[in-house]
Ligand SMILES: Cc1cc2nc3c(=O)[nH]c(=O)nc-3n(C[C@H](O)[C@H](O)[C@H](O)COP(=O)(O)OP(=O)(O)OC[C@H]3O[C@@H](n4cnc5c(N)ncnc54)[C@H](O)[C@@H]3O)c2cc1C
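Just one chain follows, in the form predicted on its own, and it is written as structure tokens.
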Amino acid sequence: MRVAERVEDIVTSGLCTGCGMCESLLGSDTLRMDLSPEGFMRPRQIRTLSKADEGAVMQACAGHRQVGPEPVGIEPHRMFGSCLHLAKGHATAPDMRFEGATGGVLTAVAAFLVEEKLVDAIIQIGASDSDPFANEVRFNTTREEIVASAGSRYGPVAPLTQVHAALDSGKRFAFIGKPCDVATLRNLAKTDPRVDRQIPYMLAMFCGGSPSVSATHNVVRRFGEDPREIAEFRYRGRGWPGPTFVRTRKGTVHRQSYDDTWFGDLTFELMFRCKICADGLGEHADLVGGDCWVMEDGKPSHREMGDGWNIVIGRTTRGAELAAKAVEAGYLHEEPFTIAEFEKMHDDHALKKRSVFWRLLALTATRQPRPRYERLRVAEAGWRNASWRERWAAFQGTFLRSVAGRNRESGIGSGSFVLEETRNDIEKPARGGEPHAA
């Protein structure tokens, strides 16, 4: 097993999650997050890294090491991890439920934390005011700001670039992000005790992977529009799951379904790191929210349902108590939900967990670096629960990808990154028909 030990190796091997912790640790005069030629957020080297710089980043980087949570007194589910609290629910405020990607649970909990003065602000992501495709880190302190940041933002973002600045302020924050972002914060907490003191609540959403910005541009091109002429872009929200919404500067509006977007553009342009992810369900978080799909003919339905519902998971005692307090205060409505329902509804996440061991084995066979996973039941899920067909598909796909070098990315060398499609100065055509598997 070979684990990457340098930032350059993390990036070039496709192991970087794009979180921005390295910039936060070393400063933007050393590493600066920027869009890479592949369309992902990656660190760009401003000055040469010292051995001490490399060591500091490796201690926090989830591309190097990801350690699951300590036991919380119950046996973790073999696929989904510890669920001290499990329910289905939604925000009671109609605007939060409508604007959110699902039922608005994380939005409602964030508002509860701020309005009850349990934290000073929420660190979360919102759409950029200047670029409809870009995302930016926000420190929200009001209900209105939190609602304005609701909804899914499938695409590059570096939510942890300002974590050390936040800690230096002495204020208390809650964090909302992807599972890998929370895992990186947990790594940082092992060397910086301020994390546990000043970020008492870490919230995560279910994550199916992060696509490149090029994938978003391709969504626009399929409508026959130029990405440079878009005024507003929204993947989800304003309904459940909510249509992908595009509005041009001239006022032309386009919409398409969740399935057409996710399975037509995004799935095949995910980061390689997402394909070997051992935790898409936020096992490191205190509280997690995800889609509580309506089941039709034994399968989750993604058709428009109107008012959304979340699965609500309290991973820690603190998270379970937070959910209960938000219900008591009237911010959340919850109803019973069972593990059996969870298993049927999100077997896609279970399949990924079952496949990770075999994908990592393929990286080992091709002498490629891989992350070190601990306490995430990767080997157990792969050996005990994966079928031979699942094992072979996962191993073969990653083996062929690795041999062909399709897990590799550009390095962190000095100089400005330029997105591939811009560098070529060629307008890529809309992709029609079935997308090819990356």
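For every residue, the number given is its place in the sequence shown, counted from 1. Because the structure is a prediction, the values reported are computed rather than measured.
The next section is about a form of this same protein that is not shown, the form predicted together with this ligand.
A heavy atom within 4.5 Å of this ligand in the predicted complex is found for exactly one of 88, 273, 153, 85: 153. With the partner removed from view, the residue among 186, 349, 234, 217 that has a non-hydrogen atom within 4.5 Å of this ligand in the predicted complex turns out to be 349.
In the predicted complex, none of the heavy atoms of residue 195 sits within 4.5 Å of a heavy atom of this ligand. The closest heavy atom approach of residue 244 to this ligand in the predicted complex falls outside 4.5 Å.
This ligand in the predicted complex comes within 4.5 Å of no heavy atom belonging to residue 80. At a distance threshold of 4.5 angstroms between non-hydrogen atoms, residue 358 is out of contact with this ligand in the predicted complex. For this ligand in the predicted complex, the listed stretch (321-329, 224-232, 99-107, 162-170) containing residues with heavy atoms inside 4.5 Å is 99-107. Contact residues in stretch 203-222 (any heavy atom within 4.5 Å of this ligand, taken in the predicted complex) are 205, 206, 207, 208, 209, 210.
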